[in-house]
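Next comes just one chain, in C-alpha cells: the form predicted on its own.
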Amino acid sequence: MQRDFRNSALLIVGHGSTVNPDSSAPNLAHAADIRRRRLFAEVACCFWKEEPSMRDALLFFRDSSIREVYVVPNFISEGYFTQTVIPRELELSGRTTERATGQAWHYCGPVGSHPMMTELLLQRAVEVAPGVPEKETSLLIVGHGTNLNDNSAVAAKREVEAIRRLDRYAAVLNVYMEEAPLVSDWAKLAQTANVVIVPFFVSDGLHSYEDIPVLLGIDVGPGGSATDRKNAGEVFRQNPYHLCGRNLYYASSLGTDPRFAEIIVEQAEAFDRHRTLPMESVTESLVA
C-alpha cells in the first residue's frame, strides 16, 4: 500500500549544468510526472549547477500544512555530492532535520541505490542492441569515477556484480571516465565481437553526448555535438558503430527512463521503512 504523502512535499535534487540544459531535463520530467499523480502536496526540483539552487530550495514549501519534506537525490551513487554537497547546501544535520518552523526534512537514499537499477540496465542494453546474441556480447556499464570520494564507483560495481550473477552476457564490466578501468580502454577490456555501452548516469549531457563517445573513438562531428541540441541525440541513433573490428552499441543515459519517477517516489517510501537506521546504513538497507 502506497504511503500517504498528501501533507508532505518532495524535493528532487539534481546536478544540473551551466552549459547544457538537457542535464536537468530528466529531473523536470520526473517531477512533472509525480506532480500529475498528486501524491505530494508539492513537488519541486533544485540543482547544484542550475537555478533554482539548493540554497533557493530552503525557501520552498512555505505552506504551513506541509509538515514533512522528502529530499531525494537524483544521483547514481553515494559519494561526494550526496554525502558532502547536498547536506551542506540544504543545511541537513542528519537523516531528519528539524527546521525552526517545525517542518521535518528527511534525507532519502539516491535513486541509484534502488534495486530496480539492475532491471533497467539490462533493458537498456537489450533496447540498444535488439537481437544481438548476449552470449557473444560484452556489456560495459560506464560510471564517472572520481578521486573526491571512493564511494562514487560503488554503484556501478554493485550493478556489474548483480548482472554477472545472471550469466546472460559473455562479459560484464564496469568502466569509468576518470579512474581505472577506463572506458577509453574498452577495446582491450572487451574480447567479444559485440560490445554494448550503457552510461550509468541520470541524464544525457556533455559526458554522454561528447566525452564518452570521444573516449570510445566515435567521431561525433558537428551533428553529434551537445552544443547543437537539435542533433545531439544522433550519437545514440547511429548504432552499431564499427570500431576496432567490433560492433559497438552506445546507449543513452539510464536516468532518462521514465520509470525513474516511480523510483524517486519509492525512495521516499523507503525512508519511512528505514527511518530508524543511521545515515550510513541507508544505501545498504535499500539494496538488501
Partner chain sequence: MRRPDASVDWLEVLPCCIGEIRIMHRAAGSFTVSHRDDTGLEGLAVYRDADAAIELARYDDAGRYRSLKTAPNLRHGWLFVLDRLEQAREVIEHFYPGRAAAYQTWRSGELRTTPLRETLGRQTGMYRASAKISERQADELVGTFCRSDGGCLRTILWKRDAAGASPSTLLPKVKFDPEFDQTGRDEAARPLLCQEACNLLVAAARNVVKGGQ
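Residue numbers count along the first chain shown, from 1. Everything numeric in this text was worked out from a predicted model, so none of it was measured.
Separately, the form predicted together with its partner chain exists; it is not shown, and the next lines address it.
- Across the proposed site, S113, P115 and H144 without exception lack any heavy atom within 4.5 Å of its partner chain in the model of the complex.
- Contact with its partner chain in the model of the complex, judged as any non-hydrogen atom within 4.5 angstroms, is confined among 199-207, 77-85, 134-142, 171-179 to 77-85.
- Its partner chain is not shown here, but in the model of the complex it comes within 4.5 Å of a heavy atom of P52.
- In the model of the complex, its partner chain lies farther than 4.5 Å from every heavy atom of D211.
- In the model of the complex, its partner chain sits within 4.5 Å of a heavy atom of R62.
- By the criterion of a heavy atom within 4.5 Å, D56 is counted among the residues contacting its partner chain in the model of the complex.
- In sequence order, S17, T18, V19, N20, P21, A25, L28 are the residues of 11-30 having a heavy atom within 4.5 Å of its partner chain in the model of the complex; the partner itself is omitted from this view.
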